[in-house]
Ligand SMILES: Nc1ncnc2c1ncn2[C@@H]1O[C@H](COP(=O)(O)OP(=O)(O)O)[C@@H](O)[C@H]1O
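The chain below stands alone and is given as structure tokens, in the form predicted alone.
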Amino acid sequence: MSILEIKQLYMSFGNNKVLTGLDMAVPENSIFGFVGKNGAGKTTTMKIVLGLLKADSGSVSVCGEKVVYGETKTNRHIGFLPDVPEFYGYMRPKEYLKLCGEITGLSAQRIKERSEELLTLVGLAGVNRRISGFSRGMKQRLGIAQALLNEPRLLICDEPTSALDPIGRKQILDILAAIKGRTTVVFSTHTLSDVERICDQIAVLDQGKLVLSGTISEIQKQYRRNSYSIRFSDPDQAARFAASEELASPCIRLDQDGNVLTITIEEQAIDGQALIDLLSRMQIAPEKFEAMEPTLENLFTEVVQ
């Protein structure tokens, strides 16, 4: 089941076409990486999903209900974490969550239970100082607690790890990974290493429409090439292997970097077993022989260029 469905979404600001027929479906209980360059239209899409922007045309549904601009009915299913969450700085974490819970109509007992549960989840249990003294990472973690307070079926995170240091980024990613299976997460970002770490589904937005979508394993399989990395004991050994007649083919690309030789093969000119057999005949024992998977960074660069 798709918890979020976007069909033929078009949006322009003056002459600037931001979305040009966006189609996207987010499976329930997935961590969905919504990837694109800065300015690709990710935030615009999220604002339309939240009913904060009116699209030129197209439709959006959340949990089977149509999103209507200016109305917030579907937002009862959604928790939202902006890239820079804002708080009342004079409040303390429990005070702020109590206010948010009262606004959303939760009972006092439920607010207490959820606040304790969520502050423990985000590593802020026992923190009782004013929010104005929080670091950027602490504010992001409190923002996740606030977004999860009413147990949303869909959590939308817009660039949640931007401008965080490595420790803060890891903390946010660990929290999002921990809620997998309980809440569907749409993780909008341009940081590909974050996507590779926690997402099971991705969609790449470029020039207003999706250019790549699916599970990471499916996409890697689709774009896989016969590519191998071989590390030799020294550069001369690598050069001797690269000069062998069996590798002299226009379908085989060789890239040497010191004692590491990368071999990319097209049209099934040769396979990994044949390379191992060739190494054996030449009596070369490499230090490392690795079949290379396409990285998300390489795939992203390929599809947006």
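Remember, it's a predicted structure, so these values are computed and weren't measured experimentally. Numbers follow the displayed sequence, beginning with 1.
The same protein also has a form predicted in complex with this ligand, omitted here; what follows describes it.
Not one of 231, 258 and 261 places a heavy atom within 4.5 Å of this ligand in the predicted bound form.
This chain is displayed without this ligand, yet in the predicted bound form the stretch 39-47 from 61-69, 246-254, 39-47, 274-282 comes within 4.5 Å of it by heavy atoms. When contacts are judged by a 4.5 Å heavy atom cut-off, residue 18 counts as touching this ligand in the predicted bound form.
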